[in-house]
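The same protein chain appears twice below, in two forms, each given on its own as structure tokens and labelled structure 1 and structure 2.
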Structure 1
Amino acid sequence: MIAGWEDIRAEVLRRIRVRDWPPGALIPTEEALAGEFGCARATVNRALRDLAEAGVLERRRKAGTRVAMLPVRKATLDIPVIRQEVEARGQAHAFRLLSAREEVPPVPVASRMGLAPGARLWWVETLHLADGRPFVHETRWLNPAVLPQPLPDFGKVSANEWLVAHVSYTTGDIAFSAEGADGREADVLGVAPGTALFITERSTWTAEAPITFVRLAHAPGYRVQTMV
């Protein structure tokens, strides 16, 4: 059973990406999807409305909901290189590889990436430093099926910088939130558990498959600035 509207959104995107629902296709009604996913119709409505606002779906009264023929990209996903971000602040960048291993991701991660249960991914944990102080804790799931092989030594080049330089993506999504530091984040960043952190979660895809899902937990004091 799918838990919330974000899970439904991810599943709808997956079906669109694998062409279960090709451009122009009429997708099932909210009632039908609510029955399939075992949730309230309002939950489905929230997911579809979000995708319509992003230009992925076209919703018309009495005509149903269709996959957009030419999706409107209302925003671009510009993936920053953390090293460059630190250096642009006038600070020296360094990073430490804390862990790298192949394993089965948790169900919420597999669901968000549209992968079947039991799929094995690479998990990479990195601490980025600015002038020797913790800057961001990066935890990343990588899909080896779509990556150039062999994978590099992520102790010598960060996964963030290598992906930006070597792997092209077709679509992606990004979410920002403020969350209390969990035990691991608190330990790595040197803060008290529960300390408010700025969190970035991002997924990127090729036309057919997920590339990566990353969670960035920024040290206190982090500030985002962008241009519009």
Structure 2
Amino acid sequence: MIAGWEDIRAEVLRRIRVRDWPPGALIPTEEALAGEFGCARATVNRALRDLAEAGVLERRRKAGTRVAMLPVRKATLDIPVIRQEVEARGQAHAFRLLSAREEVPPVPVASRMGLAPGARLWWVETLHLADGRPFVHETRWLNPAVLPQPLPDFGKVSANEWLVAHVSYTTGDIAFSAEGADGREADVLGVAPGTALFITERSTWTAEAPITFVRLAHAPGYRVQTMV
């Protein structure tokens, strides 16, 4: 019996799929499974922990392990740098800096970044191109107080890439939504105003201070896709 932890995970998953162990059911203990599969408990633990992380199992000390009742499936998506995203489609990436200036952000942006109204930020507007055609319109607020100085020329270096290269790993959140193109977006992306656009909004933080808030308005046809 060649039982690596992945084999055990597969077997457990199989039993769940064929409803040997239906949703909500308590499955045998790690010790019992280790006995059955003829391996160490640690190996079973590895397999079950992995399934629990994927949302298939729910584990609690002493209570045991049960099959998740409502499988809140977890999809993981990669958030690549825009250049990589374009190149992964086999297209050539380029970008144009449309504007960059110091400015006081509108109140909703300031509040979303957790800043007092009136704080001065950098505003950078970029259009990314795939094979010369508009791909995504990037509007970004940067907090100069927490960035390494001096800021580079964002006409030469994409703000997107400069940040991941020069600002250390951070936390943040991402939101996806759909909005009709406003006048500026329609103009820049070359679509009719009101056209449905896929919007990504991301804010990034160090431990304490906000670093950047970016809004990406993707050209029509853009999809975010992932396997589950």
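Each form is matched to the other, and the largest set of C-alpha atoms that superpose within 1.5 Å is called the rigid core. Each residue is numbered by where it sits in the sequence of structure 1, with counting from 1. Just so it is clear, the model here is predicted, and its values are computed rather than measured.
- Only structure 2 of the pair represents the form predicted together with the DNA.
- Relative to the superposed core, Arg9 undergoes a Cα shift of 2 Å or more between the two structures.
- A movement of the C-alpha atom of Ala175 falling short of 2 angstroms is seen between the two structures when the two forms are aligned on their rigid core.
- In a rigid-core overlay of the protein, Phe213 has its C-alpha displaced by under 2 Å between the two structures.
- Relative to the superposed core, Glu53 has its Cα moved 14.9 Å between the two structures.
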